[in-house]
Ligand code: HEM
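Have a look below at one chain only, the form predicted on its own, in C-alpha cells format.
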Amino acid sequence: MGSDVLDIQTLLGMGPMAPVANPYPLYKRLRDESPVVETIQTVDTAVAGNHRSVMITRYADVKAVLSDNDTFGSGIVNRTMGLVMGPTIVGMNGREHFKHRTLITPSMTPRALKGDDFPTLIREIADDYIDQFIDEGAVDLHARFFFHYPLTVFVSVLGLPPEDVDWVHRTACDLCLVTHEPEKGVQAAEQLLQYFTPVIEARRRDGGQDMISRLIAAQIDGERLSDHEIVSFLRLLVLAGAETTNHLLGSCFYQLLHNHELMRQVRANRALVPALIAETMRWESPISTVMRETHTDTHIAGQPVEKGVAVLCHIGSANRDERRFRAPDTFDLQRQDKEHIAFGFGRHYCAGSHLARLEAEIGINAILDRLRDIEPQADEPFDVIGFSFRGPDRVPVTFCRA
C-alpha cells in the first residue's frame, strides 16, 4: 500500500488540473485496500485547524460524509478557497447556509434567469460560436466552443458586456492557483472584486432584471446579501459554474468521438442526450473532489478520525465504485444504476445543476445539428485529464458542415 500512498501524494501535489489521464486504477486500489488514506496536508495547518488530512474514495463513505453536516462541516472551504473566493454557500453550515441558499437558489432557475426564452438565448449563443468556425473543416472544440460557451451564457444572465467573457473566465480560473501560486490567486480575487463592485453599485442604483439585480433584491426575514457576499458568489459562479459545463461537454464529446456506435445512436435519437450527460457526469465527474472537516471524533469506513481532520471526498472515485455501480469503468448509456453524486449530495447539492444540464444539452444538440462526420484529428490525440477538475484541455476534430 505504501506505493499507492506515494502515488496519491504526487497526484495531490500536482494541483487540481494535474495532467493525469487515468488515475482510476489507483483509486480502485485505494477503495479496496485503504478507503481512508492519509494524505499530506494540502492547506496551511493554521487555517485548516489540524495537521491531519485524509482522502476517502468509496461511494457509501463519500455519500455518508456529504449527508452528515453536523459531523462533517464545510467551513474549511471558506478557510481555504475562501481566501480568494470570499464567503460562499459551499463553505457555510447550518443557519448561515440555509439563509444564503434561500437567497441565492431562486435566482439560479432557468425561468428566473430569462423566462421561457432562456433556452432560445442559450442556443443563439451556441450558434454564434459555431458560426465562427463552421466553414473551417477542423477545429479544437475546447478552445473554440467548450471553454467560452458556458461563461458567455453566465455573462449574458449577469448583464455583463460580452467582450469581457475571456478576461472574466481566465481571471476566475486563476483563483484555483491560490494553493500553488498564492500571489496569483489573491491578485485574481482582487481583480474580480474591482470588476464586480461598480457593477453591483450600478444595479443597486438603477435596478434591472439580470441575475445580479435579483441577488441584490433577494431577502429572507428582512436580511439581504451584502456587496461582499454577492461578489463572493459571483466568483464562485464564474469559476465552478462555467468550468463544470466546460469539462462536462469535453468529456461527453470524448466519448462520442471515440465510440462511433454511441455517436450514431445519439445523433439519430436526441432523446438520449440527457442519458449521455448523466452517464458522463458519473464516468468523469467534472468536479471530482470536495472538502469537509470533522466537527467531532468520528469513524469513516470503520476507522477512527479525530476532530479537526480535513476530509477530501473523492467524488470521481466514488462514482466508479464497483460496490455501487455495475462495471463502473464501462460507459453505459443504458445504465440503470444512475445515482451518481457528481453534483454533490444533501444540503450542498449543486444549486446550478439544472442550468449546467440545460447548457450541456443545448450545446451538444447545437454541435450535432450543425456539424456532421465529426472525427478526432488523427495526428492530435487527446484525453480527459485532471485531479480535482476532470476534462479534456483540447478536443481537436475534423468535420463537415451539416
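Start at 1 and count along the sequence shown; that's the residue number. Everything numeric in this text was worked out from a predicted model, so none of it was measured.
Note that the form predicted in complex with this ligand isn't included here; everything after this is about it.
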Mind telling me which stretch in 222-230, 327-335, 259-267, 289-297 gets its heavy atoms within 4.5 Å of this ligand in the predicted complex?
289-297
Can you tell me if Met281 lies within 4.5 angstroms of this ligand in the predicted complex, counting non-hydrogen atoms only?
yes
Consider Lys63 of the chain shown here, and say whether it contacts this ligand in the predicted complex, taking contact as heavy atoms within 4.5 Å.
no
Does any heavy atom of Arg101 come within 4.5 Å of a heavy atom of this ligand in the predicted complex?
yes
Is the gap between Leu236 and this ligand in the predicted complex 4.5 Å or less for some heavy atom pair?
yes
Would Gln255, Ile364 and Ile374 all count as contacting this ligand in the predicted complex, using a 4.5 Å heavy atom cut-off?
no
None of Ala189, Ala240, Ile130, Val165 but one has a heavy atom within 4.5 Å of this ligand in the predicted complex; the exception is Ala240
Scan Ile122, Val309, Leu215, Ile315 and let me know which has any heavy atom within 4.5 Å of this ligand in the predicted complex.
Ile315
In the predicted complex, residues of 335-361 near this ligand [heavy atom within 4.5 Å]:
Ala342, Phe343, Gly344, Arg347, His348, Tyr349, Cys350, Ala351, Gly352, Leu355, Ala356
